[in-house]
Structures are given as structure tokens and as C-alpha cells.
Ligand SMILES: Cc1ncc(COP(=O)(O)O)c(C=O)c1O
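Listed next as C-alpha cells is one chain, alone, in the form predicted alone.
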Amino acid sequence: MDSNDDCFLVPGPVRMSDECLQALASPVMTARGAEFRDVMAHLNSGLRHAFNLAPSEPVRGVQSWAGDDDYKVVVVSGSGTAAMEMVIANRFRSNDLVLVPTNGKFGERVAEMCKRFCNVKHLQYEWGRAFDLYELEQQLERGCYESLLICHNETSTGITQDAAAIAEMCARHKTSFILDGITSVGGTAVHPEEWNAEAVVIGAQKCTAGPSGIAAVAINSHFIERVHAIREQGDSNPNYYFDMVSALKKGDDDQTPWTPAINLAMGWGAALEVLKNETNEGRWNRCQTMAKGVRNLFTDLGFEFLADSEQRSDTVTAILYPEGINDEWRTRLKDDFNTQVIGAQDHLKGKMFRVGSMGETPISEMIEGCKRMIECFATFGHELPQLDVDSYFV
């Protein structure tokens, strides 16, 4: 990588490829003609690959949203939060009780959304601390929860939840399992079918390196059955734009109920094609290589991390500032070293920085970015050991 190039190492929105940008610049088309249905079929097929589901043909008129499994994908013209709200608002009734364990800002957002549409038992753990699985087991043993919802990969704290263990508990206790996978799908291993997840949400601008403002959800047949049953009983939450029943009616025809995000759909489809060429496993491995390299490098440099060591994320690393350093370092890193990372949120502002390792970021860019971070710390008088940065990313 050229030392004059910018290093953009934020955990989303990530840099988009030329293929994605060119697709975004395509001439607009009608939302209801065959041309856009072709776009939707291509996007649906790419999404099924990103969700790690059975493949589908990227051809209109053959149910591109479905495959040889129990899942369908639904595109949402809105951010990942919009897709998560769509899931919650349609799946639950106002008197349903759900369990939401959290250890960061985005999990807390899931809990807050649930409070708008149903009853919530919010297990609020310290930011960056792993869930107490024994406590979750005890709660599920009560047999009173309609569902358990988690933010799978918590970018505010750099921790990934043990989804496999939680899924196994949910299956034993006959409780539905729903994942906010906005910053995990496409960047780390997600197995909707193996985990029997009723719904998994993805945001385009994170691990799949698509444009901001478009998202999708993978839903299984039980989710769909419950949505229809609640609607038929006249017991559903108020919604209109996020009406899942309307979306399901249009999905078979490779369409959306309202005017879709046409150019965003084209851009995302192109980004998903890049992912398909790299393969899910290839991207998971590359993101893991970068995250491990960052963790090992900064450990040897003497830094500490926010997240518990056993569950640190492969798509974002939360690194605590050493004593005497704050976000002035991050500003100087951007202005003087042409490198961007992101700061902390809420009560952790000014106390740590976060390095993204998602999307199409090449390992060479991560290596160069880490070298610049070390140089930037030196300008603040923070002495660090001399290390061979490249060797941490092989």
C-alpha cells in the first residue's frame, strides 16, 4: 500500500469498491418493471450467500429470495435498525415477553426497540463483559419468554456473543432466537439454519461493504407463520411502512411493497458479488487475520482491551487509551497521518478507540494503518517498543 494513501479503518460504514460505486451511479429505472426485478433477483441471491444459506438462482420469477432450506430473505429500504424494528414490530404482540441480554450500546438499542412493541426482561451486563450463560439458562427455564434477542456482534465494545451456545439453550427451552447480525453477517461465521434462528438482520454498509441505507432480514417459516397468525388474530402492533405481511406478498415476485432504494439495491448487489467471489470463508478468515493481528500487536505494545479475551470480535477491536491519551490522538491520526479509526460511545467517550476489520479492507491497509497509529502515539510522547508490524498479519 502506498504510504500516501488514506487508511479507512472504521467499523462501518466501510469503503465501497469500484464495482459498488459504479453500480450506484447507474441510471435510474422504474421500480415495477422487469429491469428492477432483475436487480432484486440478483440482490436476493447475493444476500442468501451472505447469510450463509442455501443458494438461489439470481433470476426473476423463480423465487430468488428462497432456496433449499427454511429461509427467505426480505430487503428493507432503510438501515439495519429499520430492519430490526420491522422484525420486532411484526413478530411480537404487545403482551409478549422477550429476553434481551446486552453488553453494549447496540444491544441496548435492541432492548429499547422491543420496549416499544412488547414486554422486555433486559439483562444489562457491563459493557464488554460476556453474557452469564448460567443466568440466561435460569431465565429460559422459567418458560415465560416468547423469544430471546441478541446483538450478535457488539461493535460498541468489540465483543461477539456465543450465539451457538445461546441457540442451543433456546432450542431446548422452545424459545425463538433472533439475531441482530448487522455487524457479523458477511464478516464472521453466522449459521442461521444450524442455530435455528427465526430472524437474522444484516446492514449493507458493514461487513458486506455495500451502501448505507439499505438492509435485509433472513426469516424462517415459523417466523412467517407467527407474523400471519398475529395479523389474523387482529393482535398486531401498529405498522405500515414496515409491514412484513405486505413485504411477503411482494417477495415472490422479486418486488418490494413500497418504492425501493433502487440505486442502493444495485450497489449492494455489486458488493455482494465481490463477497461471493471472495467466498464467505475467505472473508471471515481475512477479517479474523486482521483482528488477530491488531489484538496481538497492541497487546505486545502494552495496550489493554475492553472486551473479554475469549469473545473478542473479528470485525472490530476496542482498544483502551493509555494514561494521558484521549481523542486528541484520533484527531491527529486523521489530520496528520491520513488514517481514520473511530472513538467510543456514551460513558466510554475519550477512553478508547475502535479499529474496524470488516468489509473489503485489505491486510496491507491494516498493516499500514497500524504503523501510522504507532507513529501517532509517538508524537504524544508515548514510548512504545519497536516491533515488526508486518509479522503480526501473516
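Numbering starts at 1 and runs along the sequence shown. Every value quoted in this text rests on a predicted model; they were computed, and no experiment measured them.
Same protein, other form: the form predicted in complex with this ligand, not shown, and the subject of what follows.
Taking non-hydrogen atoms only, G104 never approaches this ligand to within 4.5 angstroms in the predicted complex. R109 belongs to the set of residues with a heavy atom inside 4.5 Å of this ligand in the predicted complex. Looking at A209, you'd find every heavy atom of it more than 4.5 angstroms from this ligand in the predicted complex. In the predicted complex, none of the heavy atoms of G267 sits within 4.5 Å of a heavy atom of this ligand. The stretch among 87-95, 179-187, 121-129, 286-294 whose residues place heavy atoms within 4.5 Å of this ligand in the predicted complex is 179-187.
For the options Q255, N196, T81, N239, the one in contact with this ligand in the predicted complex, meaning a heavy atom within 4.5 Å, is T81. Of the residues A318, A271, C151, I219, just one reaches this ligand in the predicted complex with a heavy atom at 4.5 Å or closer; this is C151.
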